[in-house]
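Presented as C-alpha cells, the chain that follows is alone, the form predicted alone.
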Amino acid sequence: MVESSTEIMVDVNNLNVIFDKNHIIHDVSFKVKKGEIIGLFGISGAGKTTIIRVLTCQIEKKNWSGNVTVTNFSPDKKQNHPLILHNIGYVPQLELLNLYYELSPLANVEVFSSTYGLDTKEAKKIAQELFKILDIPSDTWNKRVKHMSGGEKKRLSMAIGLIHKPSVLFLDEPTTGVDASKRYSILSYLKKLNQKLDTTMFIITHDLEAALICDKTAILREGRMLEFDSPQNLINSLPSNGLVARFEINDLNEAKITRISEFSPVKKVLRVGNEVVEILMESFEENLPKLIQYMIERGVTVNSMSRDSASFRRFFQIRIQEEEEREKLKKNIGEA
C-alpha cells in the first residue's frame, strides 16, 4: 500500500488533553491508514477512552490541543462534527446501549436508520448482508433481541454500528461479556468484516489477545503512548527477536532468579508460574547452552526446558514493567 494523504483515516499530532489542572493525555501522536485495525491497550486510566472521545467529537476544543483529523476533518471545529459523525461508527461495550432488547434485529435497524436519516429499505438490505457475514441466524432476525445469545447480541451490535457504512469503526471492549471460548470468534468476525468492507477499526480494550488481529498496537500508560507499531515489530524489538527460554525450576525463589539474572547475556527473567521462568537474552542460540551450564554450576536444578517466541502479552508486560521501573528510579533520584 502506497501511503498518501487520502489514505490517512486518522491523523493525531501532539494531542494533549487537560481538564481543569489535570493533564490527562500527554503529546500523543499517530497515523492510521485506511483498512487498518488499531488496538489501543492499557489498564484503566491509561487514556484510551479519552483519546477516542477526542476523535469522536465528545470533548470540547477548550480541553484539548494538537492537530487532529478524522476522515480529513478536524474535530476542533463544531461545523465538522456532523461530517465526522457521519463517517464513523461506534460499538459500545454494553450492547444495551445501542440495542433495543424488546425489538427484533430488523426492527432495531429500522430505528437506527430513521435516527440517522437513512433509507430504511436500503439499511435493511445492508443489515441482512452484515447479518450473513456475522453468522447471525436468519430465524432470529424477526424475534426479540432479548432471546439472542450473548455472542449473537455482540455481533448484532457490530452490524448496527456498520449500517451506515462508516469509514472508521470504534469498538469499546468488543470481547467483554462474552464467554472465554467465544472471544476468538468475536475477533475472527471483526477481521472478517475488516477484510470484506475495508473498514478502518479501533479496538479499545484490556484484552491483550485482540492484538492477534491488529495491524498496529498502541500501548498507553497514564496518558502517554509508550509504543505504536505492529505487534510483530514490537516483539522483534526484544532481545534475540523475542526468542524465549522457558524453564521449570525446583524450589524457585527470588535468590535463584537473581542468580540467573547475573548471567551477563540475560536481559529479562520473568516469573510466569510457581516454578516457571521465561528468559530473554542476547544471541539466544549461542548463549542457551552456556546458560544451562551456568545454572547447573550454581545449583539451579532445571526440571524441564522449552523454547518459544514471546507473545504480545509478554511484550506488554515487559514494556509496562520497564516504565514502572524507570519512574520508580526517577522518583528515588528526585527524593535523594
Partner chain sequence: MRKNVRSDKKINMVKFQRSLFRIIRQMKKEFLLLLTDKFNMLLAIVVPPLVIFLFGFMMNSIPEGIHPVDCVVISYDSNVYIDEGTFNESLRDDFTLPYVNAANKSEYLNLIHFYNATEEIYAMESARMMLLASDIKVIISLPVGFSEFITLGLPGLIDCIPDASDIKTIQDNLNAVFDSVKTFVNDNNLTPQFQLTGYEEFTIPEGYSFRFNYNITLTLSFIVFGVSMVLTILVVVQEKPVARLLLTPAKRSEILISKYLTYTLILIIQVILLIISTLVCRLYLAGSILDLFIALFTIGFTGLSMGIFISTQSKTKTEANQLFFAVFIVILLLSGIFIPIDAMPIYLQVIAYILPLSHGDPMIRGIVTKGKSVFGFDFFALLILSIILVLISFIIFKRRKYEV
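None of the values given here were measured: they were computed from a predicted structure. Positions refer to the first chain, counted from 1.
Although not depicted, the form predicted in complex with its partner chain is the subject of the following passage.
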Just to confirm the contact call: exactly one of 34-42, 307-315, 48-56, 288-296 touches its partner chain in the predicted bound form at a 4.5 Å heavy atom cutoff, so which is it?
48-56
If we define contact as a non-hydrogen atom of the residue within 4.5 angstroms of the partner, is residue 112 a contact of its partner chain in the predicted bound form?
yes
Can you work out whether residue 180 and its partner chain are in contact in the predicted bound form, taking contact to mean some heavy atom pair no more than 4.5 Å apart?
no
In the predicted bound form, is there a heavy atom of its partner chain that lies within 4.5 Å of any heavy atom of residue 92, even though the partner is absent here?
yes
Is residue 246 part of the interface with its partner chain in the predicted bound form - any heavy atom within 4.5 Å?
no
Only one of 174, 75, 161, 151 comes within 4.5 Å of its partner chain in the predicted bound form by heavy atoms, so just point that one out.
161
Heavy atom within 4.5 Å of its partner chain in the predicted bound form - the one residue of 141, 100, 184, 263 that qualifies
100
